[in-house]
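One chain comes next, on its own, written as structure tokens: the form predicted alone.
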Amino acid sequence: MVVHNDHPFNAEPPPAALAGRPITPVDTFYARNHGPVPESDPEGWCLVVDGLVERPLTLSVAHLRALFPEQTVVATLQCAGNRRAGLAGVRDIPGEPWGRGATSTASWTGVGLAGVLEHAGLRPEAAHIAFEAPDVSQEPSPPQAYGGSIPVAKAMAGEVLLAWAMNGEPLPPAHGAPLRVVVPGWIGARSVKWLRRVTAQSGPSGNYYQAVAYRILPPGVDPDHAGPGEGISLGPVALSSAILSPADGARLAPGPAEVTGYAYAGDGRAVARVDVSLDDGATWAQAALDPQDDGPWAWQHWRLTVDLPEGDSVIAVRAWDDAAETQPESPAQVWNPKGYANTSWDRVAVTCDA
């Protein structure tokens, strides 16, 4: 893993570790934390469901298993800062210099959040569902436990899980044991780990990580002085793609070379096409999409064999989704002070020696 920070622990796999793997092994799945991993006692843990509900609940994992049908969903989680390093190449940005690997896919097992909220008697005036975790971050002033929220419409969609298993095994502590939220198609920040409270409320969460942190600010705004509600709140993941192989800076033999990578269109949109260019977009070749049997919430892997000439080449990729949306050409077009949502064409430079 490429470790960006030890305290809190933030790390991503090198791109090659993701290549050709529709499901990411647990020990390769990226880690994004805002505070120390909390110590948890699975036997004494409980989830509180409260707020705008008719019947507040206190549930153990055993209660969840007994009361609600088990579900499994394959879903890609992507950090909002994925590929931040590309934006930092335009202008300096604070925060972890994420590369292409702050994106991973797992098979998640748990119960549907919608069924739990229905069991609690969700009231009509509830418009948002807030999540609370015990990990305390030093970033807000004063320090604050992590939290966030999603709109009721998303919370009541069948794909949102309260998950206790990952790739068929119990969640490890680093990924949210004993219970976490999985919000397919939305930025990873909304899939709150170590979940201890679900609150139905009329407005979004006032937590720092909902109201202040995960927002796209206008270019001239100082992120250290941005107030609650400023900028665009991040929710559904925007269309993006990345090259996993060959590696940036690789030295190869001239001639045929396979280029592989992933594309992802969040919130249930489908990747319809992936294009690869060797001449900075003057011409494009269409990549083959790998078979995708994991459902609408998983990334799309792709591949294309290109003919690399001697000398230096830059390989670029762009994706299209099923609404005919595509990616902007340059990271300068999407630069923002916090370095979120780099959806520009991905590029790797390679050198071919005879």
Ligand code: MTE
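Owing to the predicted nature of the structure, the values given are computational and were not obtained by experimental measurement. In this text, residue numbers run from 1 along the sequence as written.
Separately, the form predicted in complex with the ligand exists; it is not shown, and the next lines address it.
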query = Hey, with the ligand in the predicted bound form, do V74, Y264 and R269 all fall inside the 4.5 Å heavy atom range?
reply = no
task = Indicate whether the ligand has at least one heavy atom within 4.5 Å of a heavy atom of T305 in the predicted bound form.
result = no
message = in the predicted bound form, does I129 come within 4.5 Å of the ligand, counting heavy atoms only?
response = no
request  = May I ask you to state whether E230 is within 4.5 Å of the ligand in the predicted bound form, using heavy atom distances?
outcome  = no
ask   = Any chance T105 has a heavy atom within 4.5 Å of the ligand in the predicted bound form?
value = no
request  = Pick the stretch from 63 to 71, 295 to 303, 24 to 32, 309 to 317 whose residues have a heavy atom within 4.5 Å of the ligand in the predicted bound form.
outcome  = 24 to 32
inquiry  = Just to confirm, with a 4.5 Å cut-off on non-hydrogen atoms, which of L162, A133, A211, A120 contacts the ligand in the predicted bound form?
reply    = A133
key: The unique member of S191, T260, S205, T199 whose heavy atoms fall within 4.5 Å of the ligand in the predicted bound form   = S191
query = What are the residues of 158 to 177, in order along the chain, with a heavy atom within 4.5 Å of the ligand in the predicted bound form?
reply = A174, H175
